[in-house]
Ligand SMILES: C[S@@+](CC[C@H](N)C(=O)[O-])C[C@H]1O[C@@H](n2cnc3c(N)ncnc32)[C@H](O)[C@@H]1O
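Quick setup: one chain, the form predicted alone, written in structure tokens, and binding and motion questions come after.
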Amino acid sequence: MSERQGPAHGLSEHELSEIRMLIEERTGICFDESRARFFSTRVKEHLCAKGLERGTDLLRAMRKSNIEYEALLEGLLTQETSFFRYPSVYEAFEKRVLPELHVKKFWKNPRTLRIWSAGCSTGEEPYSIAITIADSLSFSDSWNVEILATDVGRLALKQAERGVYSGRSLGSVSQEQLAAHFTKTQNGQQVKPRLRKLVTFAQMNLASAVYVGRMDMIFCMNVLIYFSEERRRALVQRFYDTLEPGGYLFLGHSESISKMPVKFQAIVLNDCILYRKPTAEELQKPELVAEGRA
């Protein structure tokens, strides 16, 4: 049976809408009009792969089994990602944020650095963060580094925990970094245990408020685009509350929080915008916050 004439033709607009609503209800993830074509194509592909006749069969399976529901969700959310995907972000992280936190926390005991990779997919982002810290933070071994990496997709997290990568995913990893932080295996390059133990992976739906403790940095790259405006605001507020004063939020290039009522300080570095949570003293001097720092 060819793909064009496959059972996918049993998928009506009403069924697509039901599937869309079920996903939004459970995860807060919203496939709006701008993604309508992508959404219907992916659902049709999934229907064909499962050998199902109609959208109603898929809906029944999704309602009955969490595994079926998650399998479709993974297919809709998994994007191709890679190490150091946005070089300007990692440059700002290395040259601006880490030196600032180093000065702020160096004399603390224990000397702890807590980072949250929210929407970590298959793990390239949290491992890129770990490599940047290992390569550029002075005396990195004397720091207690904790990277929490969360994603809604169970399969993506399994792959992330294995930490084995190959091909384009490693395109921006230098030979020095490969030698220092990876071990060659039959299937590619595996992140060394020393780095893997810095990262804790956990399944999390960002639409449900889960307490994660205070963070020095939050990376949430190209995740807000999947939420409605209202949920976006709630999530950004939660990020603000989770960050330590002086902590940083990194967002994707196409995501802006300029119209939101949170009091982040926007800092522009080359083509990267960082959002810094002001300290209590800075909040008492609003002119400093409004001015921002280039």
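Throughout, we count residues from 1 along the sequence that is shown. For the two forms, the rigid core is made up of the largest set of C-alpha atoms that agree within 1.5 Å on superposition. A quick note: this is a predicted structure, and the numbers were derived from the prediction, not measured.
The same protein also exists as the form predicted in complex with the ligand; that form is not shown, yet it is the one meant from here on.
- Using a 4.5 angstroms threshold between heavy atoms, L198 stays clear of the ligand in the model of the complex.
- The closest heavy atom approach of M221 to the ligand in the model of the complex falls within 4.5 Å.
- Using a 4.5 Å cutoff between non-hydrogen atoms, G119 counts as a contact of the ligand in the model of the complex.
- At least one heavy atom of E80 is located within 4.5 Å of the ligand in the model of the complex.
- Shown here without its partner, the chain carries I29, D151 and Y226, all of which come within 4.5 Å of the ligand in the model of the complex through at least one heavy atom.
- Contact with the ligand in the model of the complex, judged as any non-hydrogen atom within 4.5 angstroms, is confined among 204-212, 101-109, 171-179, 158-166 to 204-212.
- The Cα position of Y69 differs by 2 Å or more between this form and the one not shown after fitting on the rigid core.
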